[in-house]
Each structure stands twice: as C-alpha cells, then as structure tokens.
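One chain comes next, on its own, written out as structure tokens in the form predicted on its own.
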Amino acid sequence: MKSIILVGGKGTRLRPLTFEMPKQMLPLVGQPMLECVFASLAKHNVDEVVLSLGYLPDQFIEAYPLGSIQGVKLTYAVEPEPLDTAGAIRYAAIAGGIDDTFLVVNGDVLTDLDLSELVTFHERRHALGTIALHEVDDPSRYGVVTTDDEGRVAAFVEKPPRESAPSNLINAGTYVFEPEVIDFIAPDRKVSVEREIFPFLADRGSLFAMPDNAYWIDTGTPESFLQANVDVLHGFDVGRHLEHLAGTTWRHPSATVAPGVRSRNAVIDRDCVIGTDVVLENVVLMPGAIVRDGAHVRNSLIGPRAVIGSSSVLGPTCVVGADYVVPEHSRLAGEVKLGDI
C-alpha cells in the first residue's frame, strides 16, 4: 500500500528551532521524528511513501538520498507553491502515481493507531474517504467530527469554539482515500481537505470516520513536542528499542556528562556537553548543546549547539534556538523563545 506524508508546514509554533530544520526532522530522542512515522507505517505493510514537501525540501532530500526510510521506498513531491492540504495531497498522488486505495498521514503526528484496522473499516463501508478520530478534552484547535451508528460522517466542523463543539472527537490527521477523491480537488488553486473536501464527501454520504483509543499526540507546539519525547522515554513504542537509557534519561554515547548531574525525563543528544552540578528535568538537548556548571534547566527545548551559561535557571517553558548563547546567571521562565525569531 502507498501512503502520502504531509510535511510541508513551516512549524511556526516551534520557532526558533524550525528556522534551521523542518519540524519533522527535529530529533525525537535522538532520531528524526519523520523516521518514527515511517516505522509506524512499515508495521502495517506500507511499502511506498510519497513525501509531500514545501518548506526546506532540500533538507529531506539530502538526509535520505537513497530513496528509502525504515525499508520503505521514498518518493519526493515538492510543491511549486503552497497548495494547502488537499492541494498537496493531489500533487503528491499524481507525482507518486497513486491509483489505488492510499493512506495520508501528517508528519508531525505520532500515534500507534492500528492502520490495518482503519483500512479494513474503510473497505467494509465502501467509503471514498475515512478519517481516524481521537477524543480530546479541548477540540477547539482541531476539526470536530460527528457520525451516525455506522460511522458515516454527519457533520464536520473545523476548529469550533470549545463551548459549541458538537463532539470531542477530532480529526486525528490520518486518512484513507480512494483514488477517485483526487478528481474532486481543483488543480488550479489552494484547496483545504478539512474545509472543502471532507464536507463535500460528507454531503455525498461517502465519508466515514473511525474512533480509536490509540496513543496520539500532535507535536506542533513546544509543550507537545517535549511531551512526545518524554513519552518515548517512558516506553511509547515507535518501532525501536532505546539503548543508553538510564532511568528516564537518554544519553547519546558521544555526549560528555560531568559526575553528579541530576536528570529526569531528559534527552542528551549527540556531542552535548553537561557541566557539574547541573539539573535537567523534562528537557530535550539537541546535538551539540552545552550546559555550563550549575545551570538548572526544566521543561525546555535547547537547540543544536546552543549554550546555557553557568548558574542559569531556565523554564518552564523556554525554547532556545540553534547556536544561541544564554548568558550566565540568567533567570528565564514563561513562554520564552530565544534565537532569530
């Protein structure tokens, strides 16, 4: 089976980290998040992926020049201009020669959803499109879906106010489509799958949705990306076994960590240097980051080669961009973003 992965977004909420790299290439416990998505697809017999690219496409192409990830064949589809979600799907499907039932997933969503079950659900209902649903406390950031007893979509409301949302079941960013859907997407303008194609299919009675209790997280904010890393440290299955894990701290073998460092729920990536008397709690340190003596860093993301000055206290929630130097004795907390923003 073929799948399209949508990775064209700019990751604005994760700036300044996403100025240097697309968000799907950000490391999730030492491995690019995109590879975790591929691992999930590979477990469900997806043998070819079309990567729908828009923002910083060369970074993906240069990272995977051999045309495969996790044993799955890889094809690139670089949008000539932003086409929105449905436009991107159409462009990628044509570029990838898709002519049979196919999956679409968002490259910044991590889940252990049973994709095989979703495809079976879709086929048994002879649907043109099927959406995976996930229940959330606050649906106002998402597309909200209501269905009848058979799973046929009755209403699709994009990002409703919390108090008026008809359901807490939201579009989880994983879809199954028949190739005929491509014909419904206009070729000459931006088209939103959420605002145009789903309502169109729902009006025809050919859009279905399947609720699921799978693990699911949208990694698009600093808080959720940090939580995704912590979840992996605590055993969320992304198709790999974590080596170099001590308690709930993962440390790359090339990192240098002074004796006496206290850490919990911490990722210490490649070539990091950690000084004495440092405290790390709920922290991701990306490759080459340096934390000087006596610094305390909590609930924060530290970008590649960034330097945290000695005796500084950071968090929550600080995001430090690549190569940024935090002066010694700094005191930073709140929604702090440091770097070229």
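The model shown is predicted, which means the values in this text are computed figures rather than measured ones. Quick note: we count residues from 1 along the sequence shown, nothing fancier.
Not on display, but discussed next: the form predicted in complex with a small molecule.
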{"property": "Selected contact from 156, 102, 208, 225, since only one has a non-hydrogen atom within 4.5 angstroms of the small molecule in the model of the complex", "result": "156"}
{"property": "Candidate from 84, 271, 117, 196 lying within 4.5 Å of the small molecule in the model of the complex - any heavy atom", "result": "84"}
{"property": "is_contact(residue 36, the small molecule) in the model of the complex, heavy atom dist at most 4.5 Å", "result": "no"}
{"property": "4.5 Å heavy atom contact, residue 109 to the small molecule in the model of the complex", "result": "yes"}
{"property": "In the model of the complex, residue 13 touching the small molecule (heavy atom, 4.5 Å)", "result": "yes"}
{"property": "Residue 212 within 4.5 Å of the small molecule in the model of the complex, heavy atoms", "result": "no"}
{"property": "Which of 168-176, 255-263, 119-127, 68-76 sits within 4.5 Å of the small molecule in the model of the complex, heavy atom basis", "result": "168-176"}
{"property": "Contact check for 7, 24 and 218 against the small molecule in the model of the complex, heavy atom at 4.5 Å", "result": "yes"}
